[in-house]
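First comes one chain, alone, set out as structure tokens in the form predicted on its own.
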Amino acid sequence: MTDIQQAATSYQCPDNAFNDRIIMVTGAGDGIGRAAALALAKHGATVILLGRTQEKLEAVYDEIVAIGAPEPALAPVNLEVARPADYEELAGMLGNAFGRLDGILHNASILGEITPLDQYGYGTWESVMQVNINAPFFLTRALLPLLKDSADASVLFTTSSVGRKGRAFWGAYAVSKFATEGLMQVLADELENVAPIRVNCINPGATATKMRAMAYPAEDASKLKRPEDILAPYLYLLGPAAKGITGQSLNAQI
């Protein structure tokens, strides 16, 4: 285990670590995204909740307000159909509202099909690539000017073990996560020593989420970590403790 991995998994986040920080979380309506948004808010962040379902985002909004955390913002966006112009419009609105952005957690993903490639649906392939890799690129590109206006910004992509070593039948999901690793590495290398933006990947591992249940329907979810249990590395990489750390691909569970 590397020193960085050890620091991430053992991180104890101070209560005020995210005070005055503005962090976007995609897929914020459920699962890891919801848990991360709540944790960031509890530690002082103003969270921009991005997701497809307005009702789920509003429920997370209400939870954050109820604990007395900074009021979040809602960004209902369907990543499967949004185009570059939509992200540019969103960036303009966020620029007017906040003036900068201190971080993005690219959490939203879809699974697609668990099936051999010669049986993989063309439409499903396109949808998975759109949500899992095209949308994070479009969104990050549109928001880079706001990230550059931060004194210490962090972009955190979500990867997977099947995005590090290919696995039969995982199709577009695995390929999209290989692409995510590549996108992270390219962006981190481009921005290092150019802008105060660090770029990293995190692999959540086996976690009790709806996507995990779809991939492993016979699995006993009660034996898995809950989203709330794996957040230390997320808070580490998104917050000030990891300043200067970039180009890393870490695990949320070891």
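Numbers for residues come from their place in the sequence shown, where the first is 1. Not measured: the values here are computed from a predicted model.
Keep in mind the form predicted together with a small molecule is missing from the figure; the text below concerns it.
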query	finding
Thr53, Asn107 and Thr209 all contacting the small molecule in the predicted complex, non-hydrogen atom within 4.5 Å	yes
Contact of Gly205 with the small molecule in the predicted complex (heavy atom, 4.5 Å)	yes
Interface membership of Asn78, the small molecule in the predicted complex, 4.5 Å heavy atom rule	yes
Close approach of Val131 to the small molecule in the predicted complex, 4.5 Å, heavy atom	yes
Interface membership of Thr140, the small molecule in the predicted complex, 4.5 Å heavy atom rule	no
Answer option from Leu49, Ala41, Cys201, Ile32, heavy atom within 4.5 Å of the small molecule in the predicted complex	Ile32
Segment that reaches the small molecule in the predicted complex - one of 158-166, 112-120, 143-151, 93-101, heavy atoms within 4.5 Å	158-166
